[in-house]
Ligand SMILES: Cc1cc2nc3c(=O)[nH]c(=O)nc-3n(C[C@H](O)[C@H](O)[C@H](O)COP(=O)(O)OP(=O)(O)OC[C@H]3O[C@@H](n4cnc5c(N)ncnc54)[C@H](O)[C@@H]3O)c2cc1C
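First comes one chain, alone, set out as structure tokens in the form predicted on its own.
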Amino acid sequence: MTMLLPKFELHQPKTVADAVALAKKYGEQADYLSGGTDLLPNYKCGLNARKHVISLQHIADLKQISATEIGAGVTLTEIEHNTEVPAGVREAAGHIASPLLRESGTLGGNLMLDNRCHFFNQSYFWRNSLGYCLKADGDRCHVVPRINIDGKSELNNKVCVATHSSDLAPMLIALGAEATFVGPEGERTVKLNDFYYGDGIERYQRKDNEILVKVTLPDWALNVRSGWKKLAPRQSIDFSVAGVGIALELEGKKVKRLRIGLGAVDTTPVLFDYEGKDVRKAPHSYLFVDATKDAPEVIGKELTDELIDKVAMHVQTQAQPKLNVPMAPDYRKKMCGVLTRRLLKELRDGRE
């Protein structure tokens, strides 16, 4: 069966201010469109389509890129080939989708990617035959039918556990990125780690009509070793089903800084900050991964194979993937440890 785009009115503003004004005018009936590689396929499936689509393609202010600032409209291809940005960011961008899609897909689109689930990313007719799900048109989660709330097991008509599958988000979080937004109330900047929300429907804490305009990296992100590894059914086209981004700083052979961004196993990216400084703020109570629980002592220790195994096992133990994207949860869980171990050894042994 052919799936066609529903009718909508396309708006093409030239400035951020004009785009925000349009979004404010049309309210809940408007969507922002960047590269369209995620939004338009969802529209074809009848998933939360809106009557007004505001294209951001012609806003020059969103297309700036430097070593520490990347505009939301910068394409994945541009990031992949820009040697000024950290290696891990280039690697993450270069493993998204396919070369053709990376020419259209953007940083902003990947960071605002809709969460994915077997019961959501389907045609209207498939979802209708099932009875819909909590994320679109329904009133229940088919992945986790019951959930513990205040110590009691209740029917899960509240929490969507659709998986966050962005590659760039966990890598940028590992590098301490901040995101800048512009909306009707002006400009604000928030840690990217605090932006994502633990519910698969709301996904993030964006204020009404806001536009993501850029991501900023701290200066220290340019002086660490960074890298990205992902697990996917195919390395081209397919979304990650587990991803690990690492920022590692060594003093001699000892660890000065270690931050690991874990992707595609929970409703948001998850940060393991082994300095213990960057802990996600509430409200994120529906996350299943606890990055702080039983964390090994790492800072100031020599990064031996034994310590790498401890870190990898910690990441693997805390990862809690669900049966809502391809590949079995227990395999994905194990691979979180495998990818962490491989990448840490590569970075320690001189990969920059």
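Keep in mind the model is a prediction, meaning the values are calculated, not measured. Start at 1 with the first residue shown and count on from there.
What comes next is about the form predicted in complex with the named molecule, which is not displayed.
Interface residue among Asp278, Glu91, Glu210, Glu178 relative to the named molecule in the predicted complex, by the heavy atom within 4.5 Å criterion: Glu210. In short, of 268-276, 184-192, 252-260, 236-244 it is 236-244 that has heavy atoms within 4.5 Å of the named molecule in the predicted complex. For Ser226, no non-hydrogen atom is located within 4.5 Å of the named molecule in the predicted complex, even though that partner is not displayed. The named molecule is not shown here, and in the predicted complex it never comes within 4.5 Å of any heavy atom of Met171.
The named molecule is not drawn, but in the predicted complex it has a heavy atom within 4.5 Å of Gly36. In the predicted complex, Gly198 stays away from the named molecule, with no heavy atom inside 4.5 Å. Residues Ser104, Gly105, Thr106, Gly108, Gly109, Asn110, Met112, Leu113 are the members of 102-123 with a non-hydrogen atom no more than 4.5 angstroms from the named molecule in the predicted complex.
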